[in-house]
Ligand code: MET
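First, one chain by itself: the form predicted on its own, in structure tokens.
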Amino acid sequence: MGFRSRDPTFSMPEFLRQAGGCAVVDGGLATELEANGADLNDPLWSSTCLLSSPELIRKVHLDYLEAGANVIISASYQATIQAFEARGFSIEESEALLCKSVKIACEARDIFQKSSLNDQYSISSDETNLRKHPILVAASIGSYGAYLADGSEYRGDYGKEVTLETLKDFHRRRLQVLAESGADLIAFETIPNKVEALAYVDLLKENGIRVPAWFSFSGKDEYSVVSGDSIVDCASVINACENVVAIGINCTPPRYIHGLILSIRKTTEKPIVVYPNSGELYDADKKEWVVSTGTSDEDFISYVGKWCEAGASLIGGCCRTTPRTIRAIAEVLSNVQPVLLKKP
């Protein structure tokens, strides 16, 4: 049981309809892995658990599904063939680890759906209600800056030596592997500039990849991505790509999301996905979040209805958000969806 985008007739609008009008995306992965005892002080960040503790990744996926998530995102954001090779793994082993990240997420979905039928989770065990909780597994592809592990995905300044072709060469094989991994869609995440979005679009076309994808940018303010490129320009360059089933924003303070949604809507009719971070500041030098700089769960949730009204139809959380955040989002969406669905 479950919604699968591998079906050639996959339709994001149909998935959203089955989800009740708006779908819930999961929350921060690293936050929860650390809460469960993982040590992520490693250039591979959350992906280090693919090596040391895959069972923790599975548990976090399950926690988000129990909280009401319709989309769970694989632990491959910082997983790259280049990074694994630097740790001594062969290309074949590196590719297997990428596939493992998706396999773990798919296993979590299967466990959750089977357990739900036995009423072991909070979702109703009635099959009709289960069909209203469709689940997609998204394979995460982090930006080039995430691989550098120097915080440049929050700035978008890779330097003049990093060209469109550099980015295509870097991402090509990872995209090919994840497109064949069994994931329902590809999530290009925390995109900091227009050139990296262009690299992804080129790779999708050049490699004949048909798996659905969403593109989510990291925002600097209500109008721009972190590099300073206009979000309208960024959305425009990917809007015509047939693979793209949603466009949006992630790892951005909640206060900027409403304006960014309105800006994106100027250039596309595709569904909009938003999953902001907690609003906390990240110190790239110390590699830690600055304490007491973020938005409380209550304040975060207060935005959700406004994001829906502005046009977002997939909503979740990024860094420093938790299953508690996602459960609250799911509760808000269950109340606002009937109103939104009545709109023409």
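When you see a residue number, it is the position in the sequence shown, counting from 1. Because the structure is predicted, anything quoted here is derived from the model rather than measured.
If you look for the form predicted in complex with methionine (MET), you will not find it shown, but the lines that follow are about it.
Comment: methionine (MET) is not present in this chain, but in the model of the complex one of 175, 251, 226, 273 has a heavy atom within 4.5 Å of it, namely 251. In terms of contact with methionine (MET) in the model of the complex, the residue from 304, 314, 318, 67 that brings a heavy atom within 4.5 Å is 318. In the model of the complex, methionine (MET) lies farther than 4.5 Å from every heavy atom of residue 184. Contact check for residue 216: every heavy atom lies farther than 4.5 Å from methionine (MET) in the model of the complex. At least one heavy atom of residue 154 is located within 4.5 Å of methionine (MET) in the model of the complex. Although the partner is absent here, residue 29 lies within 4.5 Å of methionine (MET) in the model of the complex, judged by heavy atoms.
Segments offered: 258-266, 73-81, 92-100, 165-173. Contacting methionine (MET) in the model of the complex at heavy atom distances within 4.5 Å is 73-81.
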